[in-house]
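The chain that follows stands alone, in the form predicted alone, written as structure tokens.
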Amino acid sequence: MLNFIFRRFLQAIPTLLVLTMLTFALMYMAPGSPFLTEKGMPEEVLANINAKYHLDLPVWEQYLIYLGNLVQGDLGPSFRYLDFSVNDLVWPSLAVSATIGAWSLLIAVTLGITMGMIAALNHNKWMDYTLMTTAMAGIVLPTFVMAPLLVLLLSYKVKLLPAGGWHDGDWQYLVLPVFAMATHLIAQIARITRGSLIEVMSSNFIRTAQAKGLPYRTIILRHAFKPMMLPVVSYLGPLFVGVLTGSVIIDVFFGTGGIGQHFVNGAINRDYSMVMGVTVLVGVMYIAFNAVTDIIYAYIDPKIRY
């Protein structure tokens, strides 16, 4: 198992190098400059700015400087906010997005797996139809529809919760963004869990356990639960990063100040270092959590190790 983990993380290194190279190349090829304005700028001033940010060096040398700083955890200076680095802007916002995402994922996994198991164990009964109809409603209502509906009903009509803001993560300001993000996830996880458990319960080893007279709860928890979780774990791997890094819709609509706003503002303001920093950060998290997902998958199904 340790050999599998070591090999899996080694595979992430070339992927990360390719990611940084492609991101850097795309930012270099992007038209325009973050320092040029409609009024123009004297060539001497522009030359000094380019020298400050090493933009006057050859591309390969710029990339090596950026890669060296990246290895040390430095995402570079912001081209638009001159008194701040990308780290200064991104890390507080990442904490906001991670808080919303962690609560959303916890609720989604708990309710989604529970709903899916109940539906599967009551296959083709009224409970199954009710839960899956509810899940389908959650799937067809995307976040950009659910968010304004929640604000309209719970903020303007009932006046129960604030419509937006963060206020250091007070629970009143967490409920709407968390619920808006979790609704779609609950529905997806519930449907995946239901289909997986129905398939597992028709397997030969489950019929053998039933023939031996094992209690139904023992069959579900000890024999069916692990194989049932295989497709769920596969789905949760990339989903985990996407949820923790936040949704642009959630950040913009609720004004929470998450990391999604920096990606949008960086693209609008031509703050290339910001866009590159957020892209690399999210890419690193995707690579890391996909590796973790593969390790969990291999733990559940030992055949994967070979």
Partner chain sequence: MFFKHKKVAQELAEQLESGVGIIEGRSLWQDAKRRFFRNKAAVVSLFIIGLIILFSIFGSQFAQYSYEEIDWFALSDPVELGRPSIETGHYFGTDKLGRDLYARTVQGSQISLMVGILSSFVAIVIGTLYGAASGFIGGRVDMVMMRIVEILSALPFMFMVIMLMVMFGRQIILIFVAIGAVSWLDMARIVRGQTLSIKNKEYIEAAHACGVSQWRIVVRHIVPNVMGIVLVYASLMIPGMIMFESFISFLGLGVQEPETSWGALISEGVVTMEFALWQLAFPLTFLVITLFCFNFVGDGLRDALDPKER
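Numbering follows the first chain given and starts at 1. None of the values given here were measured: they were computed from a predicted structure.
Form predicted in complex with its partner chain: not shown, discussed below.
**Student:** Report the stretch among 143-151, 173-181, 219-227, 98-106 that approaches its partner chain in the predicted bound form to within 4.5 Å, counting heavy atoms only.
**Tutor:** In the other structure, the partner sits against 143-151.
**Student:** Heavy atom within 4.5 Å of its partner chain in the predicted bound form: which of Ala209, Ile118, Leu111, Ile139 fits that? Just give me the one.
**Tutor:** Result of the distance check: Ile139.
**Student:** Just to confirm, Trp126 within 4.5 Å of its partner chain in the predicted bound form by heavy atoms?
**Tutor:** Answer no; every heavy atom of Trp126 is more than 4.5 Å from its partner chain in the predicted bound form.
**Student:** How about Tyr156 - does it come within 4.5 Å of its partner chain in the predicted bound form, if we only consider non-hydrogen atoms?
**Tutor:** Result yes; Tyr156 sits at the interface with its partner chain in the predicted bound form.
**Student:** Is Leu19 close enough to touch its partner chain in the predicted bound form, meaning at least one heavy atom pair within 4.5 Å?
**Tutor:** Taking the distances in the predicted bound form, the answer for Leu19 is yes, it comes within 4.5 Å of its partner chain.
**Student:** Should Tyr297 be counted as a contact of its partner chain in the predicted bound form, where contact means heavy atoms within 4.5 Å?
**Tutor:** Looking in the predicted bound form, residue contacts with its partner chain do not include Tyr297, since no heavy atom lies within 4.5 Å.
**Student:** Sequence order please: the residues of 272-287 with a heavy atom within 4.5 Å of its partner chain in the predicted bound form.
**Tutor:** Result: Tyr272, Val275, Met276, Val278, Thr279, Val282, Gly283, Tyr286, Ile287.
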